[in-house]
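Single chain ahead, by itself, as structure tokens, in the form predicted alone.
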Amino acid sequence: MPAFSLEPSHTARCAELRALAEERLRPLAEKGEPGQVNRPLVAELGRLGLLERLFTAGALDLCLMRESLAYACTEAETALALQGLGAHPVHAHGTPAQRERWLPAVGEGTAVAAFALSEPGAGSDAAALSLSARPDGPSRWRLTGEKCWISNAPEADFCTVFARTTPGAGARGVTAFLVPADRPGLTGTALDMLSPHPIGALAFDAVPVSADDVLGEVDRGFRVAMGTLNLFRPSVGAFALGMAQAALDATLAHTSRRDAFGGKLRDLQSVAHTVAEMALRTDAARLMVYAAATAYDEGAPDVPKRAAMAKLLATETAQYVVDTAVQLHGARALQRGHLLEHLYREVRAPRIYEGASEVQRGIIAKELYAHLEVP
């Protein structure tokens, strides 16, 4: 199936998800507190069967889910995505015991997951992380250090944590651990951020972990992290596309009914051309997101490059589209509670998390040169 040609069943499913988000998820989202995990919303995602689909959906299906939910309810989209990001390493690399303990609860919406990779001194440079896993007997370690800007922290019930088991080994010395929130020595604080979803910092004071907590293999955690990000990066682009499309549709409606200079706002050529540019960029980014997702599902060799391109183009495009929509709406778009005021706060973060735009450009360049045949 070409990436740009969706089956009728996909189109119908997207419409269904938009309706569910509008009717059942947005009312719960509106009752939530900014910066805190909205557990009733997470539970409703579970009741609707959307969280279980995180473990069966391919990358294309994941993108369609995220774009559709983001169009109508960004909070619901983010809650779903964070569950997937935190739990995917357990699904893909966990032991039978780990999977049995946590995945049903994640799917039901009764357990909240987090993906703890970023650190104050490392940021997007995953190979430079310094949270240490010091040996504490045979196949046992103590985690000491900090994680920062972790979505769902400090309220998550468990975290996928990446720690350094071999000092000085770069990416080859990182191990992924499944760490329940009730482990002694693990504490956290919420951070007051621009984006409204929960983000916090975690402190590890000799937190005990063992071989039973390892996800994948010791010293091979970087592969766990990158495998998860290669799946989710295109869908971050899909999240951005949902916001861009919502902003574009709001702009079409506004410019069609707003009186200006003896006609409608859309009659001004500068406005019409600007709206055309918004639509052009949104559709171009959508093609790249779907192409990256299809490449992932087909096991293509260039997934890292495509995933980076999709996230980069879609998030930068969404920033442009939402900002332009605010400009065309004028002061009304800056009022608290306006759709575009909400989207303006939401759209900024995806250009940073899961690898900032500059990191994506670095990945793209690295992949291009790695496959260059120099005569």
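Start at 1 and count along the sequence shown; that's the residue number. Quick caveat: nothing in here was measured; it's all calculated off a predicted structure.
This protein has a second form, the form predicted in complex with a small molecule, left out of what is shown; the following refers to that one.
If you check the small molecule in the predicted bound form, you find a heavy atom from every one of Ser118, Ser151 and Ala349 within 4.5 Å. Met193 is the sole member of Val218, Met193, Ala171, Leu287 with a non-hydrogen atom within 4.5 Å of the small molecule in the predicted bound form. A heavy atom within 4.5 Å of the small molecule in the predicted bound form is found for exactly one of Val275, Val224, Leu265, Ile199: Ile199. In plain terms, the part of the chain that comes close to the small molecule in the predicted bound form, with a heavy atom within 4.5 Å, is 110 to 118 out of 179 to 187, 110 to 118, 266 to 274, 253 to 261. Of the heavy atoms in Leu129, none are within 4.5 Å of the small molecule in the predicted bound form. In the predicted bound form, the small molecule stays beyond 4.5 Å of every heavy atom belonging to Ile364. Using a 4.5 Å cutoff between non-hydrogen atoms, Cys14 does not count as a contact of the small molecule in the predicted bound form. In the predicted bound form, at least one heavy atom of Glu358 sits within 4.5 Å of a heavy atom of the small molecule.
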